[in-house]
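Presented as structure tokens, the chain that follows is alone, the form predicted alone.
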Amino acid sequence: MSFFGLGGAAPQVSTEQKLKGAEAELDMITTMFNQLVDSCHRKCFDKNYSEGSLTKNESLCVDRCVSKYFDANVQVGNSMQSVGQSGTLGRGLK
């Protein structure tokens, strides 16, 4: 038996909590995708569209931009996870 939720089995997550978590994750992914599109569009495309399809240079630029964006995102995520696990977040902010 658990007293004030201490010890015992792990707390149950309600369906509503799961739904809210999924919605928050979807919002985060949508925001990241929109930022990726905006950033790579600004870097890789001319303001005047002279071709109906991507040029070779545009295609290479988009490929590199997306790759770099995801690499940076993974590095930031790993760094934040390390900081969170080490407990150093917030130290030295006084």
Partner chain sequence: MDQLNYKEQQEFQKIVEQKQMNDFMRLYTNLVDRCFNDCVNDFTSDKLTSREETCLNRCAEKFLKHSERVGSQFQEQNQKLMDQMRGSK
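Between two forms, the rigid core is the largest collection of C-alphas that superpose within 1.5 Å. The shown structure was predicted, so the numbers you read here are calculated from the model rather than taken from an experiment. Residue numbers count along the first chain shown, from 1.
Another form, the form predicted together with the partner chain, is not on view; read the next lines as being about it.
> Is M80 close to the partner chain in the model of the complex, meaning a heavy atom pair under 4.5 Å apart or at it?
Replying inline: Outside the cut-off, so no.
> With the partner left out of view, is T15 within 4.5 angstroms of the partner chain in the model of the complex by any non-hydrogen atom?
Replying inline: Judged by the heavy-atom cut-off of 4.5 Å, T15 is in contact with the partner chain in the model of the complex.
> According to a 4.5 angstroms non-hydrogen atom cut-off, is A72 in contact with the partner chain in the model of the complex?
Replying inline: Looking in the model of the complex, residue contacts with the partner chain do not include A72, since no heavy atom lies within 4.5 Å.
>> My question is simply whether L19 lines the interface with the partner chain in the model of the complex - judged by any non-hydrogen atom within 4.5 Å.
In response: So L19 counts as contacting the partner chain.
> So which bits of 35-50 sit within 4.5 Å of the partner chain in the model of the complex, heavy atoms only?
Replying inline: L36, V37, D38, C40, H41, F45, K47, Y49, S50, in sequence order.
> So with the core overlaid, does the Cα of Q75 end up 2 Å or more away between the shown form and the other one?
Replying inline: Comparing the forms between the shown form and the other one, which are aligned on their rigid core, Q75 does shift its C-alpha by 2 Å or more.
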